[in-house]
Structures are given as C-alpha cells and as structure tokens.
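The chain below stands alone and is given as structure tokens, in the form predicted on its own.
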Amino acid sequence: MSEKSTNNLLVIFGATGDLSKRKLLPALYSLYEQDALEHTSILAIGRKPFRSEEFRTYLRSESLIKTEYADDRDGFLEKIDYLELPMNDPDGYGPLRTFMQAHREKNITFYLSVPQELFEPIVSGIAHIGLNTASSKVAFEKPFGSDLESATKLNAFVTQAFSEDQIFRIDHYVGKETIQNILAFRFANSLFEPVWNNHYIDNIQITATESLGVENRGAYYDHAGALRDMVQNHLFQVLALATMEPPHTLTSTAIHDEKVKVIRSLRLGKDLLSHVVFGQYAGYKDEAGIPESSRTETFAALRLEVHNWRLKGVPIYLRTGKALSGKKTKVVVEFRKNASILYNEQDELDRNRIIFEISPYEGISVGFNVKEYGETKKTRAVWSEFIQTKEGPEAYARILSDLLLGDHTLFTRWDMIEESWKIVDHLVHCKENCPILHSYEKGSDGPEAVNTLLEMDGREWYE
C-alpha cells in the first residue's frame, strides 16, 4: 500500500450501498470537477471483498461517474481507496487502523451512509482504535433515531465519543437551493419582511408529495411511515425556515437557535383528531415486506400553529405522501384578503401569494393583482417569477462540501431533533389511536379528508 498525505480524508461507511452509488459518489465527482477535492482523499468502506483497484473498476463498470473525459474520471477514481470491514463488529476495525498508519491525514471525516442500527457499532469501532480525535468529524444520514427515546439513547452514545461540534446530522433537503433561498428572500428584502406576520399572512401551506410508492424500501418504510420519514425532518426544517425570527447573524449557531425556537413553539389543536389526516394507498399491503395487518400511514396531513408573536393564529398546513398524482415540493404563503373596500366586490380578485417551488423545478413566484388591459376597474392576477435556471450545486454536493469545511449551517443540531421527535411521537400516538386510516387510490391527490382539513377553516389547498 503506497503512502499518501493529504489534508483531509473522507471515510464513507456503506460505500457500496444505494445512497453512495446514487448520490454521494456522483456528488463527490462534481466537487472534484470544481477543484474542491484537491486536498482530500477518499476511503470507501464496505462488506464486499474488493481491493482498491477492483472497487475502481466496479465504479467504472457501473457508470456511476458520468463524464466524457476518461482522464478526469480516472483522476477522481485514483483518489479512492477501498477497505473491506465488518462494520457491525467494533473488534474488527484493525484493518482501518493499519490503513491509517500508512496515511498522515490531518483531518478525518467519517460519513455513515448505513442503516441506523449500524451507527453505534461503527462509532464504537472508530473509538476502539482511537480515531475519534479532536480533529475528526462524524456525519450521520437520517433517520437519527426512530422516536424520542431511541434518538436520545443514540445521541447519548455518540456524544461519549464525539462532541456536538464534531457531529453532523444530515438532512439533504436543506441543501436544496430554493430552501436556502427562503431565508434570503425573507430577510434580504425590506419589501417582504415587514408583512411576514399574522397581520398580513392568512395561512402557510407546505407540500411534499411523491408519485412513487415504497418501491423496494417496504421493510424500512413500514416501520417509519410518512410522519417519521418526512415530517420529523424534511418538513419541519422547511417550516422552521419559513416561520423563524431573523437570526442576529448568519452563523450556523444563530440560525439553529431560531429554528429550534420555532419547533418549540409549535402547537397542535386541542381537538387533535380533527386536525390530522392519515392515509394509506390502495395496494400498499401487496408491496414486498409489508404485513397484511399494517396500519402504517403513507400519507399524512396536519394543521399546526406557531405560538409566537409574529405568526400566532396563522394556521400552517403540512401534507406529504407517496403514490400520489405527481412529485412536487413547495411552500405557499397566502396573504389575507385586501382590507380595502376597493375592488373587494370583484369575484376574480385573487389573494396575494408567495410560492417557493422546490421540486420538480426550483424558483420563487409572487402573485399580485393588476388592472385588466383596456378595462377601467376589472382586475386580473399576474405572477412575477424567479426560476432557478442556472444549475446550482446538487444538494449532496453542497452538503459534502460544507461537511469537509466543518460548516454546521445545513445540518441538524441535536436540540432540534429532540424537539421534533417530541411532536412526532405525539402524532404517532394519535395515529395509533385514530380509528380512521383513509384509503386512497394510487395516482390520486390523497384522501378526500385532506380537503376537509382546510375547509373547516374556510380555506382550500392551493395547487
């Protein structure tokens, strides 16, 4: 084994897994093309019996690194070594210690792209061979725990080996360009910040739907469901950015402080069952790995409020689900009806709205009313749109870049995870005691009851 010396070593546990193949390695190649990995080498760890050159050949054969230039691809692949390791056996980490003795990296980043049941054995193995040094970092893919109890236990275990500032809990949603733009849109524009409160905002709608079902993830998904898989992490992150107070600086600590305040201030309705809708798509129990008795929700919608001075009384509606009519993720901020007596008698007078489109395309739209051309008093709704036409960094490329730099802004701090699990545990308990799990057809917009959730407030979903 040849000696190498770089400033950074990225160690990927689970390097032959699906996430690594689909996201991590292509994202790392993207960073390589931007000369962002000049001082970084990569150690891929898996259970398959590859040598380093065999793993590089495997990556070539899988066409994971798509480029017209073979030299570029080969240059990237030469940065990668491979190590077979029994990841669930902390006593079997001797080969990793031997590898490190032939390398002199100053900073080591461990990326755990593995099921969460391997988190503790891997952390134990790292600590057992003394690699949890002051200059090392560790990153965990979601989910971080499956409820408050398991998350607390896992966090207590991990923090015995690493300090909080060495721990990076990943939520790739936050790496998306439009989600990051929510903060800039709100606080970099004097046009919008003064009206971002309950005097002007009528309601906020956050939607994240998928057209695919559970595919080959049935065993995992049946344990998780929509609440654990999407609401606890992705949707609460988006909600926090849309409703938080301005941080005093743009440092990760200041931003996280304000996000946590939002989650702590979330309130569910006293009549909780009337403020939640759970559904399961027809045919879900026929999927591989799903028991016939399953009551797992593949669709969830809920009504929440942020109990603070800025948005108290403004309903926030969340909905997410699988096997629906389309894949879309967006935030709709809907403003109150015009308080002026002018124009209000016109049926076509539309509400003002701000829409953050996150997928399938990214952009921001602002809706307002103007006079109809050639008319004296008639109005019509128009939209001013900013479409993210320039291809920004893919979410995982941005996350990996920030991870190597040690920037916590796009990662999740423990106190936010803790507060999120408190709410989701309560919702899961509600779901388990809820007599109704609505069925809905694949390709539909979900259970009909999701419309009733808004109709009770005299509102409707904005599609």
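Values in this document were obtained by computation on a predicted structure and should not be read as measured data. Don't overthink the numbering: it's just position in the shown sequence, from 1.
Beyond what is shown, the protein has a form predicted in complex with a small molecule; the following relates to that form.
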- Give a yes or no on whether every one of L25, H103 and F110 sits within 4.5 angstroms of the small molecule in the predicted bound form by heavy atom. no
- Just one of R336, K79, H172, K285 has a heavy atom within 4.5 angstroms of the small molecule in the predicted bound form, so which one? H172
- Item | Selected contact from K322, K259, K137, H275, since only one has a non-hydrogen atom within 4.5 angstroms of the small molecule in the predicted bound form | K322
- Query: Contact between R73 and the small molecule in the predicted bound form at 4.5 Å, heavy atoms?
  - Reply: no
- Query: in the predicted bound form, does R217 have a heavy atom within 4.5 Å of the small molecule?
  - Reply: yes
- Message: When the contact criterion is heavy atoms within 4.5 Å, does E357 count as touching the small molecule in the predicted bound form?
- Response: no
- Item | Interface membership of R264, the small molecule in the predicted bound form, 4.5 Å heavy atom rule | no
- Select, from the options 222-230, 275-283, 295-303, 124-132, the stretch whose residues sit within 4.5 angstroms of the small molecule in the predicted bound form by heavy atom distance. 222-230
